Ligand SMILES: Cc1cc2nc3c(=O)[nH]c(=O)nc-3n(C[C@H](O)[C@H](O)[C@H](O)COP(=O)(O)OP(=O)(O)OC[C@H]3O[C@@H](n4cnc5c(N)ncnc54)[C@H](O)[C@@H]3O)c2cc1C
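Given as structure tokens, the chain that follows is alone and in the form predicted alone.
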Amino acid sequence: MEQTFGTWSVRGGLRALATAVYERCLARRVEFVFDAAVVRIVEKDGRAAGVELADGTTADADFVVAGVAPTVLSRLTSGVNIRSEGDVPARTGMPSRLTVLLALSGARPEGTPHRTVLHSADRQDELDRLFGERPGLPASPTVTVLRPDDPELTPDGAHEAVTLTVTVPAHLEVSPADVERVISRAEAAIPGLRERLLWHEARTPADIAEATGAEGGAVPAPALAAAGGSLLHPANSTRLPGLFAVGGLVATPAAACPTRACRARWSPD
């Protein structure tokens, strides 16, 4: 879609897209079970036959589709390598994200860009901190500033919702000072930011890890048709018939991201 029509956003935020899919599924008689942790993928006669839940009950199924991190999937299959021979190898060493949500007083100025990227003053330092041996937030991190023209994100026209995102190392313990540094960087794109700021909320790699199970809050990279296929994800099939892996977490960039192509792929800008 983006190649054909350009970058797009969802009215009401990405949560609205999830809600629309959920409501469509309900209309097609899909049954959802929430707050039911899966502890094991049940195998029977050499194929996936359902899932075992934390309360000890099982749910039988003809097929199991898992949208979890490779380490989580490995635990669910008793540590068995469920990847097929010839797959793009599963990888480790992905960066994560620091997201800062801002609530501002005052309307969004007319003509404000939806997306502004504030590039780091020291690109090499930022790459070294992402992929090198001294992880941490650089003095001037690359910050993406999103200021959507979307009335559904604010209580009224006298307020503005802004999202700041920064690519950071996985496992990074984000401090309040780190969050303040990101907000200060955003002042270059939002004049009078501090005077307008009502409150802010940060989502760190630890929050991502808690919500998704991804180790260190790692965020998957996009699949790209380049570099001889090294930037592609594995196929959805696995060595266990009836079990399919989906989502961006099924593969991750190569450990320590050693190649120029991999480092460029994960460049914050």
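Since we're looking at a predicted model, the values are computed, not measured. Heads up: residue numbers just count along the shown sequence, starting at 1.
What comes next is about the form predicted in complex with the named molecule, which is not displayed.
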Stretch from 155-163, 97-105, 180-188, 127-135 whose residues place a heavy atom within 4.5 Å of the named molecule in the model of the complex: 97-105
Quick one: Ala36, Ala211 and Pro220 and the named molecule in the model of the complex, is every residue within 4.5 Å by at least one heavy atom? yes
Only one of Ala202, Ala206, Val68, Leu232 comes within 4.5 Å of the named molecule in the model of the complex by heavy atoms, so just point that one out. Val68
Please check if Gly248 has a heavy atom lying within 4.5 Å of any heavy atom of the named molecule in the model of the complex. yes
Does Val174 reach the named molecule in the model of the complex if we count a contact as any heavy atom within 4.5 Å? no
Mark Val72 yes when one of its heavy atoms lies within 4.5 Å of a heavy atom of the named molecule in the model of the complex, and no otherwise. yes
Is the gap between Leu76 and the named molecule in the model of the complex 4.5 Å or less for some heavy atom pair? yes
Judged by heavy atom distances of 4.5 Å or less, which residues of 139-174 approach the named molecule in the model of the complex? none
